[in-house]
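Encoded as structure tokens, the following chain is the form predicted alone, with no partner shown.
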Amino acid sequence: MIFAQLFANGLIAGAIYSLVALGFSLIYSTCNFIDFAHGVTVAVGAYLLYFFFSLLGLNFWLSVILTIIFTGLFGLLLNIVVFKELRRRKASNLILLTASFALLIIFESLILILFGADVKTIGYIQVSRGLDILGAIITPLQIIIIIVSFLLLVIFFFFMKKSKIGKAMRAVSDNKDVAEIVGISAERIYNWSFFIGSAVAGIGGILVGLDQNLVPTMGTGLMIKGFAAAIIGGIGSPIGAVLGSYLLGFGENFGIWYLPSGYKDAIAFVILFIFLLLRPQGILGKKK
């Protein structure tokens, strides 16, 4: 059944985009600049898993834990070494954005130097026939991707609402100066945002790396879709970014019901432009 398959494909695409958009939106909402380097963080996560599991031969689950931790530390390091220094020098958001784009290119090139241009596969999960669920063919790994996406959404919701760090993040997002007056260190919250957002990107890199092949530029395409999803959902709202991811995933997959599959990216950006024209603040974003 075509409808069921397209629905499943949209669900899978939305789950993958949300793993990128969630961390992307978290960093933007607290640090108030667009971090294009977040795209390469996904690629770093995928290649770290390949390094730990396929090259070093470590236990798979140990490799997964190490990948998530080191990907989070990678994002934290970028913030401390590059973005914190730029903020100290009173750099504008445009400079921060330009620096993040430069980091994207630099680390993609570094991955190319270290691992080569040839396609890599992690090879932990053997290729198997997909399951037939209500007329749609979906693999067990794709089901895991969808479940992980929903679990992260629920965990993230309660983390932001109930935890001390989550409340501090919301305070800095609302008004950095007032938050610092009441004793919240904005720089400490920026560090947490980069670490958590990058760790989530690492989870995305792991799942995408298991489901697809690894190439050095894999993070760029995911970053573009994650960025579009964050805009659609409301770039200052991590929860909205997840909703935007699923809307984007469903929109581009149902769009190719009538159009050739080569138009999938164009459909995604048509949806983005519609939101920019009619609701620029996104689904859950606030007018400013």
Partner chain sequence: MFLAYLISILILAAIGIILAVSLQLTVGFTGLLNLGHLAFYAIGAYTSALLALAGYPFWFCILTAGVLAMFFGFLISLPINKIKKDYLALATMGFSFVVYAVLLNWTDLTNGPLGLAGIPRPQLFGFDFSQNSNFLLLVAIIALASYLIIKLITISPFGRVLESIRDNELAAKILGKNTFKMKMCAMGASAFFAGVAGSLYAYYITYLDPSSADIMQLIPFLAIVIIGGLGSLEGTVVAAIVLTFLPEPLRFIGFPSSIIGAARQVIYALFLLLILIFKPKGFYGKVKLE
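Positions refer to the first chain, counted from 1. In this text the structure is predicted, and so the values were computed from the model without any measurement.
What follows is about the form predicted in complex with the partner chain, which we do not show.
J.: Quick check: do 28, 98 and 109 each get a heavy atom within 4.5 Å of the partner chain in the predicted complex?
T.: Heavy-atom distance to the partner chain in the predicted complex: all three under 4.5 Å.
J.: Quick one: which of 148 to 156, 172 to 180, 88 to 96, 186 to 194 gets within 4.5 Å of the partner chain in the predicted complex, going by heavy atoms?
T.: Flagged stretch: 88 to 96.
J.: Is there a heavy atom of residue 54 lying 4.5 Å or less from a heavy atom of the partner chain in the predicted complex?
T.: Although the partner chain is absent here, residue 54 would stay clear of it in the predicted complex, with no heavy atoms inside 4.5 Å.
J.: Counting only non-hydrogen atoms and a 4.5 angstroms cut-off, does residue 105 reach the partner chain in the predicted complex?
T.: Taking the distances in the predicted complex, the answer for residue 105 is yes, it comes within 4.5 Å of the partner chain.
J.: Can you check whether residue 113 is within 4.5 Å of the partner chain in the predicted complex, heavy atom basis?
T.: Yes, residue 113 lies within 4.5 Å of the partner chain in the predicted complex.
J.: Closest heavy atom of residue 76 to the partner chain in the predicted complex, within 4.5 Å or not?
T.: No, residue 76 is distant from the partner.
J.: Considering only 221 to 245, what residues come within 4.5 Å of the partner chain in the predicted complex, judged by heavy atoms?
T.: Contacting residues: 221, 223, 224, 227, 231, 235.
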